[in-house]
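Just one chain follows, in the form predicted on its own, and it is written as structure tokens.
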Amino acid sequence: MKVIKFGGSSLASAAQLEKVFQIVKADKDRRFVVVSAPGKRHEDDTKVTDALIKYYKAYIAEKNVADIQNWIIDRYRGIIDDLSLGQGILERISKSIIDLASLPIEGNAFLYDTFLAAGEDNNAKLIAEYFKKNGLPARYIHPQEAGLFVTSEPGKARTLPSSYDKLEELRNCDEVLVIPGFFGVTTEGQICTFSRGGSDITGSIIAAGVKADLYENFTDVDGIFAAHPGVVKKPHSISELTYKEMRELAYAGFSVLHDEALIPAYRGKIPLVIKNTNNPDHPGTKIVLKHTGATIPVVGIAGDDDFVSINISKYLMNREVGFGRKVLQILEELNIRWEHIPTGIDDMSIVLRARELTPIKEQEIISQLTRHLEVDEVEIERDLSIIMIVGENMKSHIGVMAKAAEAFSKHHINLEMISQGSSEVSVMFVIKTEQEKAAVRALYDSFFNS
């Protein structure tokens, strides 16, 4: 039994939907199909989700929304006409889009989520209709009917544990179930979305709920590469990753899979494979709990930018009980999330995403550190990137760090900080952003081309 999810680029046009149909039809075990909203047909196109955001903004601003309504409906009409599906499904989708502009604005915390979810929801209706017309027994099912209930947290919904018992009952359905991704329903019946890109999350939740043998995530690439193809020319594809390795790579910039999507499948011990809708015969990249065979020490190299570091120095810091807690309490009170904390005996650095540090918060941090904690020095270092080498097998190989350091030295790349967790799944290097691409290339050459 398989759960299969298709991203927006796989569902952008009638031609893409024909590929999707053939993929689902080719394997009778593909019983649950999770879909995104239609994505871009070409580089200059607009995603349906982005159009729905524009629709929402116009509606709450009490502007005329007729043009944007028509654009969204015409987008679905084009696919429906090309697939010769008839007017019934178009009328159903049109009514759903137009009815959004009758929802209450005041006091409606879930209005934005309801607008956004319409892209996936209407696409699922269309795809189920297309499958049925072509002889594949299929049925659209709303997350509420499926039993996907979530917390009342607009834009960041979390699955309620009780959902999994209800979702397991879907195993008894005879049809192929087409399920809209990206959102669930609260116990009060409100539409509530996961974070952006959350169709991956829906697929993972469904896979865990029905206890699938495999979760197939179809995108527009042949799996996951050892480095970003935009940085390294023709990097080799990775055939197998563990969940821990994928989590590290997703955190550090690999955007093929939403990192939160790993959690339900990981906990449900469901293997996951990332494949290409446009090249379905390619084996893709499989994500498993443990490697099934021998593997190289470093499986992937990732880089991400837009980090800052709060660098703190205080003589005899290590002898001051509770100093670290007091520093982190300052961040907590300002609602700031930290990423990494490399330390020395008299200094510590707190690495943050730059978006966490507003000018007001920055001044408050400096003020509290100097006045209340009496630090000797504090500075904010900007324009930083993190580079990560990832591989669960690193811990059993000697010389990985030496090889990385040699690569940096050879290419004149200065290291600001180094950090490694106790699991030894990854090593993180902090460097200046201007050297990020050069660092990724240097590491790739050292670990893969040599």
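Not measured: the values here are computed from a predicted model. Counting begins at 1, following the sequence as shown.
Missing here is the form predicted in complex with a further copy of the same chain; even so, the following discussion is about that form.
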**Request:** Using heavy atoms only and a 4.5 Å cut-off, determine which of His340, Arg139, His142, His228 is in contact with a further copy of the same chain in the predicted complex.
**Result:** His340
**Residue among Glu424, Asp45, Asp50, Asp383 with a heavy atom within 4.5 Å of a further copy of the same chain in the predicted complex** = Glu424
**Item:** Complete contact of Tyr315, Asp376 and Leu415 with a further copy of the same chain in the predicted complex (any heavy atom, 4.5 Å)
**Value:** yes
**Asked** in the predicted complex, which of 105-113, 202-210, 347-355, 296-304 comes within 4.5 Å of a further copy of the same chain (heavy atoms)?
**Response** 347-355
**Prompt:** How about Lys57: is it within 4.5 Å of a further copy of the same chain in the predicted complex, going by heavy atoms?
**Reply:** no
**Item:** Contact of Asn311 with a further copy of the same chain in the predicted complex (heavy atom, 4.5 Å)
**Value:** yes
**Trp71, heavy atom within 4.5 angstroms of a further copy of the same chain in the predicted complex** = no
**Prompt:** Any chance Tyr243 has a heavy atom within 4.5 Å of a further copy of the same chain in the predicted complex?
**Reply:** yes
